[in-house]
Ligand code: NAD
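Below, in structure tokens: the form predicted alone, a single chain.
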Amino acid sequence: MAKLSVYENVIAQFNNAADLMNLDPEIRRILACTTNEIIVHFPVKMDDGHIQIFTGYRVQHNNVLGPYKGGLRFHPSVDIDEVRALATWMTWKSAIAGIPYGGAKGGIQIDPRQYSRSELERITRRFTFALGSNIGPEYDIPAPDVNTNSQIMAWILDTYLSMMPPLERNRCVHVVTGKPIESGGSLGRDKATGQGVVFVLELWAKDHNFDLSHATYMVQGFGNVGSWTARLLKPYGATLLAVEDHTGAIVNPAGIDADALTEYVQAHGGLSGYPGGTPVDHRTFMSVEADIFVPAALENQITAETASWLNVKLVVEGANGPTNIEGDKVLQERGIGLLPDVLCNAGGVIVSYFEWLQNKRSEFWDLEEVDAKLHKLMISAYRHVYEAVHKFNTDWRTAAYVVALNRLEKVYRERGIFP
């Protein structure tokens, strides 16, 4: 059987849920495709004076609930298929979270480690200029994703504002979220995705009488999402047994200190060489016996093959699309629970929404307010999915999709199709 692409995987998941809930066939046709797909090729002058051409993408899947919303990633694997999939997931995620956003995603096909800071700044600014009016504060709002951060967002903001008439500039600060605090960012945005993962895990643990203080877990990917998830689980007393990133994997049966590892990774660019764990290969890492596995890296990490290696009770998806259709089947056959990405990692887009609101209102909320509002929305999203699991007697991923599709279907029925 031919391996499904990331986007085909998304559509297969979509079809499972649409079949189960008897989604209106006309609305199904709309949601099964993207609205706009923008591909831009743009020149940038490198530090040595030569010109390099880059390819950038922005896919806008659906905006019936509100402006397009989604991150930008800088990674060698970025292509139109991946960006389509990520944009579609964003539509479902916003609908599950109950926030007034649609779904979009974008990126540039580069390895940012190959470029100097000044080159990355010029690449980012030129990409923003190339996108032009395809983004906007009430139309399509980018945010950070893999290999992008608040600094990249600040460059996008500055470039976009300089393209606006002077009297419009201060009205457009919410064109991106995930900005530095001083440039209009929100407190709590850096930890938001990991915080959402932990909130969902906490709710699941209460429902299943599972004691997090005695739990063991492993994390794949130790960037923003993975590191924050581990650091936020520390106060619960859970023990981090194993971690893997792009530089290797380590195991320590006595536990790995999440804060110390975060400091090491920030200083060294990866966990390779970290003294607090024993280096192991990928298969050994995936086979570590633990209660919980948090994949927080890239797509397609849990396949039919790797799902058979796992020795855990629960998978909590921090990354987008870490499990493919075949991997899902194996997990279900083996009785391993799964909390899906479109629910678990919605904390990022929720706090992005809070940042957008603060900018629109010229307000600044303290961390306590941001966290309280995030907790409230994550509880609501979790409960809706929990109810759908029991109503439709299905798995959590399909139930989450049903929640999203139900909300989108209602809006399309109310508004109708123009003309």
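Just so you know, these numbers come straight off a predicted model, no measurement behind them. When you see a residue number, it is the position in the sequence shown, counting from 1.
Although not depicted, the form predicted in complex with the named molecule is the subject of the following passage.
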Site check 144, 223 and 318: each within 4.5 Å of the named molecule in the model of the complex by heavy atom: yes
4.5 angstroms heavy atom contact with the named molecule in the model of the complex for residue 298: yes
Non-hydrogen atom contact residue 245 with the named molecule in the model of the complex at 4.5 angstroms: yes
Heavy atom of residue 84 within 4.5 Å of the named molecule in the model of the complex: no
4.5 Å heavy atom contact, residue 193 to the named molecule in the model of the complex: yes
Option from 304-312, 179-187, 117-125, 289-297 whose residues, in the model of the complex, bring a heavy atom within 4.5 Å of the named molecule: 289-297
Listed residue (88, 94, 323, 345) with a non-hydrogen atom within 4.5 angstroms of the named molecule in the model of the complex: 345
Residues from 52-76 in contact with the named molecule (non-hydrogen atom within 4.5 Å) in the model of the complex: 73
